[in-house]
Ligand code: CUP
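This document starts with one chain, in the form predicted alone, laid out as structure tokens.
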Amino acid sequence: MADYDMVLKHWGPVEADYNTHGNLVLTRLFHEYPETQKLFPKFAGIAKGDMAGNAALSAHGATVLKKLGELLKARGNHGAILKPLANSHATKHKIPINNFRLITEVIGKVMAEKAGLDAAGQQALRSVMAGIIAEIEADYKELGFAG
């Protein structure tokens, strides 16, 4: 619980502007890990210099962060939220499990810069996400997705 609380203590600025923070997260993800951009077919053709102003990228980033907010606020009681997400990411989107680790690191960096998440908070985010990612991975295996 302490890890969830530590991250949630800094969630307010993210929640106050999901679009801006979502764009920052996806733009940085695609810059730092260019191979991830191919996993998002509707963003595959966007040039790096055009990402910051892309409304669709902002909207999708907002969706990602809203879902993360739901997971954080559930404080571990997130099975009903996580199962459909794991299912869609395995069967429809085909997102390899390591990409959840990559985006976790990017979210931690963005929250450090924009929401004051310190080193301990970033570690708390990694810890919370490690548990969530392990559950996603278990769901992937159950679905027969090697992800």
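Start at 1 with the first residue shown and count on from there. This structure is a prediction, so every number in the text was calculated from the model and none was measured.
Here the subject shifts to the form predicted in complex with the ligand, a form of this protein not shown in this document.
Exercise for the section: Kindly indicate whether His60, Leu85 and Ile103 are, all three, within 4.5 angstroms of the ligand in the predicted bound form, using heavy atoms. Expected result: Every residue of the candidate spot has a heavy atom within 4.5 Å of the ligand in the predicted bound form.
Practice task
Indicate whether Arg28 is a 4.5 Å heavy atom neighbour of the ligand in the predicted bound form.
Solution key: No, no contact at 4.5 Å.
Exercise for the section: Indicate whether the ligand has at least one heavy atom within 4.5 Å of a heavy atom of Ala124 in the predicted bound form. Expected result: No.
Exercise for the section: Classify Lys114 as contacting or not contacting the ligand in the predicted bound form by the rule of any non-hydrogen atom within 4.5 angstroms, answering yes or no. Expected result: Result no; Lys114 lies far from the ligand in the predicted bound form.
Handout entry: His78, heavy atom within 4.5 angstroms of the ligand in the predicted bound form
Key = Taking the distances in the predicted bound form, the answer for His78 is no, it never comes within 4.5 Å of the ligand.
Practice task
Have a look at Lys94, Lys48, Lys109, Lys67 for me and say which one sits with a heavy atom within 4.5 Å of the ligand in the predicted bound form.
Solution key: Spelling it out, the residue with a heavy atom inside the cut-off is Lys67.
Exercise for the section: Give, in sequence order, every residue of 32 to 53 that has a heavy atom within 4.5 Å of the ligand in the predicted bound form, or say none if there are no such residues. Expected result: Contacts from 32 to 53: just Phe40.
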